[in-house]
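Okay, here we've got a single chain as structure tokens, the form predicted alone, with questions on binding and movement later.
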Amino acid sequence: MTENDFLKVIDLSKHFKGLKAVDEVNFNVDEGEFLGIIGPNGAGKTTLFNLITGFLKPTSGRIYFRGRDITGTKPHERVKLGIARTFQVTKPFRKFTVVENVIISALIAKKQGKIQEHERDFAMEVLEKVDLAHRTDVLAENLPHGEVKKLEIARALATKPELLLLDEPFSGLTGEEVETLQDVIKSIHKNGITVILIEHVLKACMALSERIIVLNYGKIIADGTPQQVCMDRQVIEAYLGKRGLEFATG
């Protein structure tokens, strides 16, 4: 294992009693890559994110980041190494303003308690990146759903990640909001951050991702370009069932 291995997952498994939520998963992510992870409900996608970010301990297997074994490290330690994530269910500090939410995330990542002027300046730079600078002093509880999703990404960016894991950022958004957020995420990736995206809005995931992994029942059933996985028989069957597969393939 070398520092050239950006993210490496080896034989990773997580069992909940008899359920194999993640089952001997292996994959690499290159620095600068945009990887999409898709699969039916219950396929193990969020469990995989929880393992990579340290919110769950694996039953077996190892996780390496930049050549370092991070399998036993805690979530806040992984943040300091450069790994950040968003959550399906967003939980901003509702009684704090937009900019305060971002500052708090930055301070938590640095373990500092006193807000300095340069931290507000940094938070404003982050908010510019997600198109929320015009909402700086609005309380988080007063934001519409689409802007709460942007704030969730801003809070992750405030930790200065090298690897950003996005868990269903497009869920519950209108078509217009999806397009706007796509542009935000595309810009984040172009600025040098490696991204892994879990998403059920397949059109957005296919448009953004350079490579896609498909999970089903905790196992990887396909790994390739968006075009390749769309034509994969196992993927079609996982989403549509055997009858759907027969219909789709003629």
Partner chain sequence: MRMEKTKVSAGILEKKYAALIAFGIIAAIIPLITPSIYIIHVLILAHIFVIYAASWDILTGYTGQLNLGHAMFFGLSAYVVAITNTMLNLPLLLSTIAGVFSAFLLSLLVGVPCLRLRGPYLAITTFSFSWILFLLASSAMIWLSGGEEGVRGVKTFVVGSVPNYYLSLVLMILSVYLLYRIASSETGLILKAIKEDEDAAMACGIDTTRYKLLAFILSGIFAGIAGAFYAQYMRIVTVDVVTLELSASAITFSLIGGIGTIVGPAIGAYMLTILFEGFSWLADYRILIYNLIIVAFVLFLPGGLISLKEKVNKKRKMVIGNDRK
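Model, not experiment: these values are computed from the prediction. Positions refer to the first chain, counted from 1.
A second form of this protein, the form predicted in complex with its partner chain, is not displayed here; the remarks below concern that form.
Shown alone, this chain has one stretch from 122-130, 173-181, 142-150, 79-87 that lies within 4.5 Å of its partner chain in the model of the complex by heavy atoms: 79-87.
Under a 4.5 angstroms non-hydrogen atom cutoff, its partner chain in the model of the complex has residue 159 among its neighbouring residues.
Taking the partner from elsewhere, residue 104 is found to have a heavy atom lying within 4.5 Å of its partner chain in the model of the complex. Within 4.5 Å of any heavy atom of its partner chain in the model of the complex lies no heavy atom of residue 217.
Though the partner is left out of this view, residue 75 does reach within 4.5 Å of its partner chain in the model of the complex, counting heavy atoms only. Residue 55 is the sole member of 39-66 found to place a heavy atom within 4.5 Å of its partner chain in the model of the complex.
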